[in-house]
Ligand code: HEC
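One chain comes next, on its own, written as structure tokens: the form predicted on its own.
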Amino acid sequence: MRFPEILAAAFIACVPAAHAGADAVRADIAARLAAAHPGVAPADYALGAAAFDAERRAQLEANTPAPEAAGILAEGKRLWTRKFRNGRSLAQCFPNGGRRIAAAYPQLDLKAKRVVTLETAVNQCLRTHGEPILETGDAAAMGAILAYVRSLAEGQKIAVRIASPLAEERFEQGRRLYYTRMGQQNYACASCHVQNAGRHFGDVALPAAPGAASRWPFVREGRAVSLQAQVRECLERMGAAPFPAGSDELAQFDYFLSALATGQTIRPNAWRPR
């Protein structure tokens, strides 16, 4: 499917029937994708566009590891282990020095009733120890840290489970945002990544929603592009004003997409062309 057909298809109603819980939403999306692409294994959704495009997959394999990833990971490790003025470090704020923790983020803070993303947890540590917090959208610092911490969980299965009424509520908020038409194009994120996943927009296949939380950050032009940054870029392409970096809305997107990807393995820092 090319651009004119995608444009028409995007106007098909894409909001599911009355919300029936996270498990039902996951099952519905999985069934839609399986019916549309019976030859694609769900685990391959983590490959993004390459899951549906043999040429793109070959390019991805030829650029693995991503040529610029080593420098980003080195900077991320430096920032992660850098001593604060009180002698502590980011690594000491997290269990096991941060190894394997990324698979459990984002988390729900039951006391604050808020979704805590990995970015939020990093800044909570900095704030606790009297250090300046980082801009969530800063690819050079926060992006490098995320790339490094996600690399420490590579191959781990995402484990964001919806197991309480509050978790269901936050998942539903993320789902609603994902299925809401926005901007001048009148698209929803689901228009491309659920209804039309695997079809082509221009010369690139559209990635499937359940893989989004597995593959971030990706490396593009020397930068680590986080999941929140990807959502902001997509909103801009839709002609919508993106939610501010670090906002509750982006945390809800993160929570929804990570819950969709529960059970998939983390495959961070992959190459992606411009």
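Each residue number is its position in the shown sequence, starting from 1. Please read these numbers as outputs of a predicted model, since none were measured by experiment.
We do not show the form predicted in complex with this ligand, though everything after this point is about it.
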Open item on the list: Would you classify Pro210 as touching this ligand in the predicted complex, given a 4.5 Å non-hydrogen atom cut-off?
Closed with: no
Task: this ligand contact at Leu257 in the predicted complex, heavy atom, 4.5 Å - done: yes
Open item on the list: Under a 4.5 Å heavy atom criterion, is Arg56 part of the interface with this ligand in the predicted complex?
Closed with: yes
Task: Partner proximity in the predicted complex: Tyr178 to this ligand, non-hydrogen atom cutoff 4.5 Å - done: yes
Open item on the list: Partner absent here, but in the predicted complex, which of 145 to 153, 116 to 124, 81 to 89, 182 to 190 has residues with a heavy atom within 4.5 Å of this ligand?
Closed with: 182 to 190
Task: Val231, Ala36, Ile29, Ala245 - the one with a heavy atom within 4.5 Å of this ligand in the predicted complex - done: Val231
Task: Candidate spot Ala46, Val204 and Arg237, all three touching this ligand in the predicted complex (heavy atom, 4.5 Å) - done: yes
